[in-house]
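The chain below stands alone and is given as structure tokens, in the form predicted on its own.
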Amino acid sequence: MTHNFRFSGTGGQGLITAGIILAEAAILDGKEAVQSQSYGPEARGGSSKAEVIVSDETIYFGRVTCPDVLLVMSQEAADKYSGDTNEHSIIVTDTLFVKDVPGRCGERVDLPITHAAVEACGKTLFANIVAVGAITALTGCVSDEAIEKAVLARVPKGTEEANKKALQTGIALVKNR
């Protein structure tokens, strides 16, 4: 099975790191993965996106033309990156920042991602890891063990426990909805 993901938001939210983590988790699970990223010239504040393809088979085309799952973490990203979704796409929004999503979708999942990060870990900077937990719980595209190992391999030393808590918070957001 192949999953096409697009993580979008504002530069500085850690969405490119989230894409890299998901791709690494897929590889740890023995799957194929392709990850790409795009961001504006601003270091922070402009739109950014990361795309990840996870597959049990060889990936011949490394671009996401229609995301199966679109994560939007800002209204600007929702406006900019949802135009190629369709009636089979799942759109996951951060309820703190996103109100309207102009694209079509089969399912819209509104989650308090940033709020949950602050509540669980004390800072908004953990929102990307909360989002990764939610996405993996929603899709089952990688194992819990692989995503935790990939997270711990990418986060700064000394933040491992907070990031594990953020990951579990994201998983719980989906399982408890």
Partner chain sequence: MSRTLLLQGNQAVVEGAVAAGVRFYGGYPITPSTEIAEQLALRLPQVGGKFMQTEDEIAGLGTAIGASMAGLKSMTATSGPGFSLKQEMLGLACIAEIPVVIVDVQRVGPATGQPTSPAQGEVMMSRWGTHGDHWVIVVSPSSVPESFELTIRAVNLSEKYRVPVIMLMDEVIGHMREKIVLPDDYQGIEAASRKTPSCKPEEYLAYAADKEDLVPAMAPFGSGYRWHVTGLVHDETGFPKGTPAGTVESLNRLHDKIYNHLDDIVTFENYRMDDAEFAVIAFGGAARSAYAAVNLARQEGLKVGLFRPITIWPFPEKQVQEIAGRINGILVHELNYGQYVLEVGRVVAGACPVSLYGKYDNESATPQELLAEIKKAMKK
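Since the structure is predicted, the reported quantities are computational estimates derived from the model, not experimental observations. Positions refer to the first chain, counted from 1.
The discussion below concerns the form predicted together with the partner chain, not included here.
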Checklist line | Contact stretch among 104 to 112, 144 to 152, 123 to 131, 56 to 64 - heavy atom within 4.5 Å of the partner chain in the predicted complex | finding: 56 to 64
Check: Among Ile20, Glu24 and Ile27, does every residue place a heavy atom within 4.5 Å of the partner chain in the predicted complex?
Finding: yes
Check: Are any of the heavy atoms in Ala116 no more than 4.5 Å from a heavy atom of the partner chain in the predicted complex?
Finding: no
Next item on the list: Could you confirm whether Val34 comes within 4.5 Å of the partner chain in the predicted complex, counting heavy atoms only?
Entry: yes
Notebook entry, point to check: Taking the shortest heavy atom distance, is Ala162 within 4.5 Å of the partner chain in the predicted complex?
Noted result: no
